[in-house]
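Coming up is one lone chain in structure tokens, specifically the form predicted alone.
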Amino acid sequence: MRDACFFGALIVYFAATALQMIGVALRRRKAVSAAEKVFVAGLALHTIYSVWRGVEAGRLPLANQFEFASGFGWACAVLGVFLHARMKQDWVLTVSAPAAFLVTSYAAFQPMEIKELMPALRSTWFGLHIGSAAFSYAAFAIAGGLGVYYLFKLSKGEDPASHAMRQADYMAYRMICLGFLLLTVVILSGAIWAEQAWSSWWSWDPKETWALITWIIYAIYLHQRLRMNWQGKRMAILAIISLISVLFTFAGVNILLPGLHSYA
């Protein structure tokens, strides 16, 4: 029954994505309005599942690749619902609903059994470190999605100076600011945690190294935005390229470069 909530959320995320795409493509307001309600329902199911799993496990459900991926997808949905409620813009769901569906789909292919927490993970830093990572990745995913959206609208002849395009560009920047701040928390809390667990602030573990590489890439993005005043198309392309580093840090490292963080 618990896992039914997870797969129910996955199905509902897909339905919300399909309704949103159909509504935007065919300019059907009823479909877009329905997508919003369905997406919120998916988030509710996902939240029920996460709380249920956490209660059964006796800890935050973020201790392995499945749980972290599920938390990542949940964070995409949380940010999407929050931003849509604040901004009332269709492009918010056009980006966040597919992000939540795709990341949660990845989670569905991971082993779902609940396991005991590794001794190294039994720390007060557990929630801050891994929770910050989930929301950091979600913010970057939405920013990368906005980059794709921006380039797509540009290819369709949308004026870069229009309010919608400038708003999407600025929101991608805001999401990257949020993600960068949270990734900084991830790296600093991880260093403190590593010193406590393994008596070493930094071990050049593949996950640590790629987190640092990702941080540097986004630092370059912010430098170009704030110091060089880059906007629009160049920033959209850079947001997409930067997201590739996030995805490799999230999943690629586990597959190709196993290390101390192979559990996540």
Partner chain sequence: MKKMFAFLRSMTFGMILLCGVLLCSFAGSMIPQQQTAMHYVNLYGERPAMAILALGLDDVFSQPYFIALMAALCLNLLLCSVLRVRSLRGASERLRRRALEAKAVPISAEQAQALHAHFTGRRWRQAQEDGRTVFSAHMIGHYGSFLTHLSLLMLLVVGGLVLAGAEVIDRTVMPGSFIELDDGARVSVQDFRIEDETGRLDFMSTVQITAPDGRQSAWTPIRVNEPLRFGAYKVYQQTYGTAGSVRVTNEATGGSEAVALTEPVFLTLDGVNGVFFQMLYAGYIQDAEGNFTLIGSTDGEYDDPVYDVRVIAEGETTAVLAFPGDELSVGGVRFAFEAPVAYPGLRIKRQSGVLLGALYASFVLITAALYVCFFLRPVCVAVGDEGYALASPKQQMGLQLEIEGVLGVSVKEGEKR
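Residue numbers count along the first chain shown, from 1. Every value quoted in this text rests on a predicted model; they were computed, and no experiment measured them.
Beyond what is shown, the protein has a form predicted in complex with its partner chain; the following relates to that form.
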Query raised in the report: Is there any non-hydrogen atom of Thr184 lying within 4.5 Å of its partner chain in the predicted complex?
Result: yes
Query raised in the report: So in the predicted complex, does Ser123 come within 4.5 Å of its partner chain, heavy atom to heavy atom?
Result: yes
**Report entry** 4.5 Å heavy atom contact, Ile192 and its partner chain in the predicted complex
**Finding:** yes
Query raised in the report: With the cut-off set at 4.5 Å between non-hydrogen atoms, does Lys156 touch its partner chain in the predicted complex?
Result: no
Report summary line: Partner-free chain; cross-checking its partner chain in the predicted complex, the single residue of Phe109, Tyr170, Phe82, Phe152 with a heavy atom within 4.5 Å is Tyr170
Query raised in the report: Of the residues Leu102, Leu178, Val78, Val148, which one places a heavy atom within 4.5 Å of its partner chain in the predicted complex?
Result: Leu178
Query raised in the report: Going by heavy atoms, what in 182-204 lies within 4.5 angstroms of its partner chain in the predicted complex?
Result: Thr184, Val185, Leu188, Ala191, Ile192, Trp193, Glu195, Gln196, Ala197, Trp198, Ser199, Trp201, Trp202, Trp204
